[in-house]
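Consider the single chain below, provided in structure tokens and representing the form predicted on its own.
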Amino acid sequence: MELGQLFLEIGGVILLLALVGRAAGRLGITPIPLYLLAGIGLGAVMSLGNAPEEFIHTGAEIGAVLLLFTLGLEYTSEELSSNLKANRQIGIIDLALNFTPGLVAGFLLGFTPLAAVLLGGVTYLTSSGIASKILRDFGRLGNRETPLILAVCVIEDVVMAAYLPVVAALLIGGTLFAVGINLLVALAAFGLAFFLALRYGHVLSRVMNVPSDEALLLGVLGLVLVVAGAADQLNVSAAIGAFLVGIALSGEVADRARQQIEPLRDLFAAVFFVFFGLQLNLAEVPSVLLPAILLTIVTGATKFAVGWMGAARAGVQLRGRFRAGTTLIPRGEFSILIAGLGLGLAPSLGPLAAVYVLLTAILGPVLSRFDAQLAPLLQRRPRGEAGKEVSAPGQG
């Protein structure tokens, strides 16, 4: 492809994103649903060349990584460790409530047992990229329910560190020994990264804190991508690898890194959501629409229940519980990846996962935006106190 054509197509996509972002600002909502719909529209009316599509795909992966890195900058390693310990029980409930519907649906749809297990993985995982975007767009990083949301996302990725090597080995017909080795490598890699972030994060912060903003930007971005790439090679989520780098950095260097990275994060995060929409082939939608809608309803409710129960245990009030539940509803990039592993087993798994991810990625942010209006509908009101609010606006 000629350079001019490449620039025209990529520039056109970015200009469209700018218009979509402005529209979302006027409506007072997160731009995530509009970015997704813009991707669907682009895929329906035009065919990008191989080079622009490859750029958008790579940009989408970088966007997910930078979203989680900047989210990690908001928290210390001590906060993360204590939150994970406090929410282990919620993690078990999350696995039971959200893996099971996909597994059962797979059998009902006539999938093979392994394909059904893959669909269980699709419905289990919250999109940490979309969740972090919701928290940032709505200014909720400091809310009481946010540590619970982060803990659930990290616990899910720990489960994935065990799940993916096992599934990958089964797909290629690996022996029990090979499965065990893959599993040990993935868990050891995650454990080592987590230990280093907890124990030596202050050393890393001193090393990275150079006077030059340019050198800081290049050093931090390079480190994040290297760690994310290494994590992915070891079957650990690349985004969670980047999250742990953010956790490790603290103090002045974390503040400076945030300022330097945020513009890049915003650009690539927008590309990340558009790429989801571009992946959806509209011709395949009708055959999978009904099961996708049913799965969205069931697993939207189960994921909401996880967030609600977890926030309630932490003493969060009504609106905070509602925000926790709705922020956990979206599924995303990892669900698409898991579905892609099983296309040879069940060709409809890919389109089903794409429509399902799109529906949850729209539902979660929209419900979360209107927490003030919707949360009171779930309030238990004693007789004679129908008009009494549990919490004042802004609390929870």
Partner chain sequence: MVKVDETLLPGVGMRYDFDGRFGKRVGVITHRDGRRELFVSLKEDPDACAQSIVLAEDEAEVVSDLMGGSTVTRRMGQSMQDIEGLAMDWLPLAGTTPFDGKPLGSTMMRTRTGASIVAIIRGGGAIPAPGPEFVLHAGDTVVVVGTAEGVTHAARLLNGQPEPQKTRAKTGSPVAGTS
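Residue numbers count along the first chain shown, from 1. Please read these numbers as outputs of a predicted model, since none were measured by experiment.
Another form, the form predicted together with the partner chain, is not on view; read the next lines as being about it.
> Go through 198-206, 317-325, 212-220, 115-123 and give me the stretch that gets within 4.5 Å of the partner chain in the predicted complex, heavy atoms only.
Among the candidates, contact is made by 317-325.
> With the cut-off set at 4.5 Å between non-hydrogen atoms, does residue 154 touch the partner chain in the predicted complex?
Although the partner chain is absent here, residue 154 would touch it in the predicted complex, with heavy atoms inside 4.5 Å.
> Could you confirm whether residue 265 comes within 4.5 Å of the partner chain in the predicted complex, counting heavy atoms only?
No, residue 265 is distant from the partner.
> In the predicted complex, does residue 244 have a heavy atom within 4.5 Å of the partner chain?
Result no; residue 244 lies far from the partner chain in the predicted complex.
> Using 4.5 Å between non-hydrogen atoms, is residue 139 touching the partner chain in the predicted complex?
Heavy-atom contact with the partner chain at 4.5 Å: present for residue 139.
> Out of 147, 91, 300, 277, which one falls within 4.5 Å of the partner chain in the predicted complex, going by heavy atoms?
Selected residue: 147.
> So which of 100, 287, 281, 76 reaches within 4.5 angstroms of the partner chain in the predicted complex, heavy atom to heavy atom?
Of 100, 287, 281, 76, the residue with a heavy atom within 4.5 Å of the partner chain in the predicted complex is 76.
> Which is it in the predicted complex for the CA atoms of residue 326 and residue 247, closer or farther than here, knowing they shift by 3 Å or more?
Residues separate in the predicted complex, at least 3 Å farther apart.
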